[in-house]
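Starting off, we have a lone chain in the form predicted on its own, written out as structure tokens.
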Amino acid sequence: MSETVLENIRTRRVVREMTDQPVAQEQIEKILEAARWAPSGGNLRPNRYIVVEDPETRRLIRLVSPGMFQKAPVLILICTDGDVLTEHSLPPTDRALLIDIGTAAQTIMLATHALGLASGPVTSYSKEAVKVILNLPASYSPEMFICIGHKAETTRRGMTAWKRITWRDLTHWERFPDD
């Protein structure tokens, strides 16, 4: 793995405050191209992406999204397409779908960071309201928003106190010892 990739992973942060500066279309397209390469269980590719830039639509989404602190100029909504699940006889509760959503989200956020932009995920919103606001097809389930924009200069601290941890703090080798 290259040092550049590791540095991108190490320095990516969830950003809650963004400016209203627009994001270039070319940058959005590069982010979506990266998302296309995110791993997918069985290579079924059930994720679909909805890009929201319209200010009024973003305002309406924020009204039904208590977790969306950002006023980002771009929202990318990751949806699961139920038609893909039906086609492959997968239940909507298949855990592989959560992995697909997570890897897509991380890929989008790493690509965003690599382009010098800021991002933050949001899962706290009314799915039913988002379906109505975006007029989503019946087969689409809205799973996660990724807010994208330019980081605002701020003195506000993050949501929790930051404590440096190492991989050793998070890892156990083999099995836990018997008591």
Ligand SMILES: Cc1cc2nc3c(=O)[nH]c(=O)nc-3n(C[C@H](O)[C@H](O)[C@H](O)COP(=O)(O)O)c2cc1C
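This one's a predicted model, so the numbers in the text were calculated from it and none came from an experiment. Residue indices: 1-based, along the sequence shown.
There is another form of this protein, the form predicted together with the ligand, and it is not shown here; the text below is about that form.
- In plain terms, the part of the chain that comes close to the ligand in the predicted bound form, with a heavy atom within 4.5 Å, is 117-125 out of 48-56, 24-32, 130-138, 117-125.
- Interface residue remark: residue 39 is not counted as part of the site for the ligand in the predicted bound form, having no heavy atom within 4.5 Å.
- The ligand is not shown here, but in the predicted bound form it comes within 4.5 Å of a heavy atom of residue 144.
- Contacts with the ligand in the predicted bound form, taken as any heavy atom within 4.5 Å, map within 41-75 to 67, 69.
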